[in-house]
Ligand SMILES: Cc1ncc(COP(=O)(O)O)c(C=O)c1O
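Single chain ahead, by itself, as C-alpha cells, in the form predicted on its own.
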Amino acid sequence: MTRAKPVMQLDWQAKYAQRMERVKPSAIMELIKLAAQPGVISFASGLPDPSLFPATVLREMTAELLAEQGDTVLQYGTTEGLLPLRELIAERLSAQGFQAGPENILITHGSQQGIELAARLLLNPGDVVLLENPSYLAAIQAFDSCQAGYLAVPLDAEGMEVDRLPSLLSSCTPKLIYTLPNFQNPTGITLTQERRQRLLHYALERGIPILEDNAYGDLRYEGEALPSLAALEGGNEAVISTGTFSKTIAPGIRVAWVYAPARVIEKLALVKQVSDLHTNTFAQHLVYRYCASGRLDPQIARLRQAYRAKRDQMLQALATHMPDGVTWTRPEGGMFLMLSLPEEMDAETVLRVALEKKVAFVPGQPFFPQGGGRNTLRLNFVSPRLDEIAEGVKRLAAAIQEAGQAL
C-alpha cells in the first residue's frame, strides 16, 4: 500500500475565507510604530493622554477588589455583563434622555467590539452601509470584514449632509446607517441637532437601523451637549448606540457598552457569546467601583479642562504656522481634527518629509471608504504633551512647504 506523500508546505493563502481579501492592516497602527521613535512628536495615534489616567485610584481599587471579592471578580461572568454596571450605565443614559434599563445594555470589550457585533448581526455580504465621508477607519474595517458595500455621504461644518439622503435613498436602501454624531473621527465635526432629527426621520421612514458611535461624547469643550439619536423621539426603537469608558477612565481596561432595544440586545449577546463568552469580569468590577464611588464625573471634568487647552493650542499653532491654501476643521470636542492640503498635494508625500522632521500624522485617505481624501490628514491633539504641540505643528508646516515646493 502506497502512502500519500505529506504536504511539505500548506498553501494558507488559498485557504483563507473570501472576506479576508478586504481585511487590511490599519494604517494607524502601522504609523504608531514609526511614531514611537525617539524625538518624534506624534499627532498620529488615537491614544488619550496617559498622564491623565487615574492610575493611583485604580491601583488602590484593584487591591481592594482582590482582597474583598477575589473569588468573584476572577470568575467567569454573564455574557450581558455585570448587572450593577449595566444598571449604572442605564441610569446615566436615562439622565441624557434615553429610555434605558439594564435590559437595554450589553457590556463589550471596547466600543469597537460593539460596532463589530452590530455589523455581524445585521450585515450580509453585499449589504450597503450608509456612512459619513470620511468615516472612522476601524468601523470601515469591521464593515469590510462583513463584505459590505458603501453609500458615502459628504460632510460639511454641520456634519453629514442629510439633504442628500432623499436622492440617495431613492435609488438604494442601505441595510444600516453608521454615524459618529459627536466630534467625529477623523474630522472632529459635530452633527447639528436639526440634522440629527432629519437623519432619524429618514431612517424611521424607510425602516433603516442606525448605528450611533458615541465614543467621544463626554469630551465636549464648548457649546451645549446635543441629544443622542437614541434619545430623540422614536430613536429608542431604531438606534443602536455605543459608548465607552476608554476615553474617560483608560482604554486598556477595554470596558464599553451597547445600548439598543431589549430584543436587539438579546441577539447581540448571542453574537458576543460566540465571540468571547463575556467581557473581562475583573475589569467590569473595577469600572463599576470607580463609577459608583463618584469619581467618573470629576475625571471627565479634568479631561475636558486639559484637552480643551490642547485643542486651543493646536488651533492657535495652525493659525500661526500653516502656509496659504491649508485649511482645517475646528472641533467642539473629542480628540481629532482634519487638515486639508491644496488639491494637488498628496498627504503620503508630506508624511515622508514630516517623519524626517520628527513629526507624525495619519494620512486621511484610508478614512474615505470609496476613495478620495488624498490631500487630507488627521491630527490627534490630546495625545502629545501640551508643550509639544506648537513645535510639532511648526515642523508639520515646514514639511508641507517643502513637499509643496517639490511639486
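The first residue of the shown sequence is 1; numbering continues from there. All of these numbers come straight from a predicted model, not from anything done at the bench.
Same protein, other form: the form predicted together with this ligand, not shown, and the subject of what follows.
- Three-residue candidate spot 80, 273 and 281; no residue lies within 4.5 angstroms of this ligand in the predicted bound form by any non-hydrogen atom.
- In summary, the region of this chain contacting this ligand in the predicted bound form, judged by heavy atoms within 4.5 Å and restricted to 242 to 250, 260 to 268, 295 to 303, 158 to 166, corresponds to 242 to 250.
- When this ligand is considered in the predicted bound form, only one residue from 191, 115, 148, 326 comes within 4.5 Å through any heavy atom, namely 115.
- When this ligand is considered in the predicted bound form, only one residue from 287, 177, 256, 89 comes within 4.5 Å through any heavy atom, namely 256.
- In the predicted bound form, at least one heavy atom of residue 215 sits within 4.5 Å of this ligand.
- In the predicted bound form, no heavy atom of residue 228 sits within 4.5 Å of this ligand.
- In the predicted bound form, this ligand stays beyond 4.5 Å of every heavy atom belonging to residue 307.
- At the 4.5 Å threshold, heavy atoms of residue 104 stay clear of this ligand in the predicted bound form, well away from it.
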